[in-house]
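Take a look at this one chain, the form predicted alone, written out in structure tokens.
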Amino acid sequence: MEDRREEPVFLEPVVSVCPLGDATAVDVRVVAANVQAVFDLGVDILERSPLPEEAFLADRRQYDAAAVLRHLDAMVRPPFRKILGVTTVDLCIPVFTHVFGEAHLGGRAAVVSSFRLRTNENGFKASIETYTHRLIKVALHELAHTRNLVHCDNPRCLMHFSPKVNHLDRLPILFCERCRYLLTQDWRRPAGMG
């Protein structure tokens, strides 16, 4: 008699999640699990990596997100096509006082920072649920940028620009129909095509 039990399906690893500096193991696992579930992709967690020293901007007491992305980009190895860094440090880019995360449009690397996600606009500490939702939203948003998605005009789409945590809190952990379609088409391209 034939055994009809289904074999488990193992997704080819596509995205690696890298803890940077003091990133917590819980945050890294939450981000990895949500990337795998939302994008239906194989995800693996890399060994912890120190933050690049050259990324620290002493005058701003922040880390240059572009330098962190260059560090991550150099870490991409097959079979992974993308890398997502998770960090606790305050990130910035020249034109903004801070960023929750950063990615190069169509690039291989993205980063999310928990630094400003733990506090509400009123200065009080956010609940663990609110904090976790913020972390997931920023991670998914930034990773979608690496798949060529730009900011979306739809205020109910995860790709909508959110400069403050209260804006981030209003977003669902969902992409609008248009962005979801674009992501699905893009992830299905064969390896080596982006």
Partner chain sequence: MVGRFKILVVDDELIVRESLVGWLKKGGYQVDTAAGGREAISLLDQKDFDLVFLDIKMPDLGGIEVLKHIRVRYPQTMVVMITAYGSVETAVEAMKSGANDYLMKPFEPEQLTLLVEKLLQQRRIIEENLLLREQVAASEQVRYGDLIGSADCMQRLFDLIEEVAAVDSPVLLRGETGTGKELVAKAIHSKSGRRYGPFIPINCGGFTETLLESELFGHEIGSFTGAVRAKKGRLELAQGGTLFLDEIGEIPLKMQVDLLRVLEEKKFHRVGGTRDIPVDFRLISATHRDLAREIEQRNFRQDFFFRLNVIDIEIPPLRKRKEDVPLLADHFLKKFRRETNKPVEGIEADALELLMSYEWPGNVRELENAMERSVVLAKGRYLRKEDFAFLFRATAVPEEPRSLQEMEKRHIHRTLKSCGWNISRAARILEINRTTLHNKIRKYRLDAVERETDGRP
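Numbering follows the first chain given and starts at 1. Keep in mind the model is a prediction, meaning the values are calculated, not measured.
There is another form of the same protein, the form predicted in complex with its partner chain; it is not shown, and what comes next is about it.
- Between 29-37, 144-152, 123-131, 43-51, the stretch whose residues reach within 4.5 angstroms of its partner chain in the predicted bound form through a non-hydrogen atom is 144-152.
- Interface membership of R60, defined by any non-hydrogen atom within 4.5 Å of its partner chain in the predicted bound form, is confirmed.
- In the predicted bound form, none of the heavy atoms of T119 sits within 4.5 Å of a heavy atom of its partner chain.
- Within 4.5 Å of some heavy atom of its partner chain in the predicted bound form lies at least one heavy atom of P94.
- Using a 4.5 angstroms threshold between heavy atoms, H98 counts as touching its partner chain in the predicted bound form.
- Taking its partner chain as positioned in the predicted bound form, the residues of 161-175 that bring a heavy atom within 4.5 Å of it are, in sequence order, F161, P163, K164, H167.
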